[in-house]
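Just the one chain here, laid out as structure tokens, in the form predicted alone.
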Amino acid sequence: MKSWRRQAFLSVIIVLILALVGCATGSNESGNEGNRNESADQNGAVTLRIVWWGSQARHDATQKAIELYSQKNPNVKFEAEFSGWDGYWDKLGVQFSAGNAPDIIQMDAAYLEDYATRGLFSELSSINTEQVSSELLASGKVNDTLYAMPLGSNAFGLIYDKSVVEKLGITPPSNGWTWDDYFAFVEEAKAKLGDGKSVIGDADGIHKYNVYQLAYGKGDVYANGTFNLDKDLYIEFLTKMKELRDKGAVPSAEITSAHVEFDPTADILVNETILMRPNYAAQIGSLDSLKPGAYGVVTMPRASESGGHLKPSMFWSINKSSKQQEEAQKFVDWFVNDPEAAKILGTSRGLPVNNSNLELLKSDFSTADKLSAELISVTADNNPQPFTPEPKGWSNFQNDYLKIYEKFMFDVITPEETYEEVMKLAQQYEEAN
């Protein structure tokens, strides 16, 4: 079943639920305030349901932070829900459809517009944003209204195993390098690695191709809410990937399909099946915890333009149907701005967005934190591309795209046929939205 059809169905359900809620409670603010107050008991005790995805380190840090908040605010208790990325969005969609979504929700840029334009999130009108850059803050706005509070700074770049590079005697990649430099590095590294080892992972995600298109001045694949895939450049890129896969510089389709990111044994960068891959700065800590001190960072390759970009790592959003709007906003404000919270959370969600807290933490940065900060810094210095989130209704496109790309990896379809199938898929999404 097509994911876009499932999403369209869920959208209809959500709209119907919102309509019923509107009929039941009325649209005036006083009616809404009455409903919000109902969830507090007679002693003023409040329970906030909060949900997030991430690594065990993020989970532990967040639990400690909410425990501290409850100590400082004894009337506030939390029901925390935590998971990995897989399954998070399906579960959240079902919760909203059932009218049972949490009060505070960790949100990603890929889904923000979709949820906000359906009227599912509250405006974050009482959050102190004085110490947050306007560029970062803008990433949480939809139609100039703040629906999501950025929680960390992030950058998209390359992470490589410097311990292996040193062992092979290869000159490490340098910031500002070109795509020609990149492919020359791949060829040199493969010659020294020999059989059974590869250099880079496959481009099994549209974002991994997008940096190539951006670098050659063809614009983002999500341009103005429509799908902008340059045919000649895309086929050229896939042809190059097939050539490298045939040489063994890119792993076989079987190996790529078995990869599990951040798994100690199944992650193909961690187990040294490959040497380098694109990742976000906020993910470096997870890699470093599996192989401490092994990794280096470098900017995405460029051509006529940069291919790398800066983005928020993630956000907090507040369910508009929550009966505890004031308490939820107070917590988000504390989470972002309080120095004690910053010390507990560290860089578990990327570098802090509050500039004062960032300065507070710098002296205690771990090796992984310093690498994250380095990747963000060098990307910022390399004329990064503006961040473009997926448009409304496209949040499942990545999953459907992967199904097509897998056929290309297994040599079932050619680069030209891959392009045709991707464009047909994009047309379905455009028609559905």
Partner chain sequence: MNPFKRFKIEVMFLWGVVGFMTLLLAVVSYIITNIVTSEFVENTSHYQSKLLTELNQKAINQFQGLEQLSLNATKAIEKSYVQFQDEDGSVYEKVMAQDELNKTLSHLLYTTPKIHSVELWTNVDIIEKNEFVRFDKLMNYPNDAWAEPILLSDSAWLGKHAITIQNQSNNVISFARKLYTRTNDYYGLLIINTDVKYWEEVISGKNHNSMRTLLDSGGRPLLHLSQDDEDPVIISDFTLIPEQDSGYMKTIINQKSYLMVWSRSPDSKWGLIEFTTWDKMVSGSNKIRTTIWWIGFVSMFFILLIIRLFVHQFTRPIMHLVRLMNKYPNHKDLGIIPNDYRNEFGHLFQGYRKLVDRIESLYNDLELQYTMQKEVEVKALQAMINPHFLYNTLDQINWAAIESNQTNVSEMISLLGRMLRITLSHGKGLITLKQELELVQCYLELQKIRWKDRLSVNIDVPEPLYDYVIPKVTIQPFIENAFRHGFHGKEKAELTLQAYEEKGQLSIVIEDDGRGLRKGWQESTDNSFGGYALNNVKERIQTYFGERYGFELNNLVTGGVRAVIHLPIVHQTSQSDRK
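Positions refer to the first chain, counted from 1. Keep in mind it's a predicted model, so treat the numbers as computed, not measured.
Heads up, the form predicted in complex with the partner chain isn't pictured, but that's what we're talking about next.
S.K.: Looking at the partner chain in the predicted complex, do all three of Asp86, Asp369 and Ser395 come within 4.5 Å of it through at least one heavy atom?
M.R.: Yes, all three are in contact.
S.K.: Counting non-hydrogen atoms within 4.5 angstroms of the partner chain in the predicted complex, say which of Val260, Val94, Ala191, Leu360 makes the cut.
M.R.: After the contact test, the surviving option is Val260.
S.K.: Gly285, Pro173, Pro102, Pro301: which sits within 4.5 Å of the partner chain in the predicted complex by any heavy atom?
M.R.: So the residue touching the partner chain in the predicted complex, by this definition, is Gly285.
S.K.: Given the stretches 324-332, 76-84, 238-246, 179-187, which is the single one in contact with the partner chain in the predicted complex, using a heavy atom cutoff of 4.5 Å?
M.R.: It is the stretch 76-84.
S.K.: Quick one: is Arg49 in contact with the partner chain in the predicted complex, heavy atoms, 4.5 Å cut-off?
M.R.: Flag for Arg49 set to no.
S.K.: If you check in the predicted complex, is Ile344 within 4.5 Å of the partner chain, heavy atoms only?
M.R.: Output for Ile344 is yes: heavy atoms within 4.5 Å of the partner chain.
S.K.: With the partner left out here, check for me: in the predicted complex, does some heavy atom of Lys64 sit within 4.5 Å of the partner chain?
M.R.: Lys64: yes, in contact with the partner chain in the predicted complex.
S.K.: Using the partner position in the predicted complex, report whether Asp60 sits within 4.5 Å of the partner chain, counting heavy atoms only.
M.R.: Result yes; Asp60 sits at the interface with the partner chain in the predicted complex.
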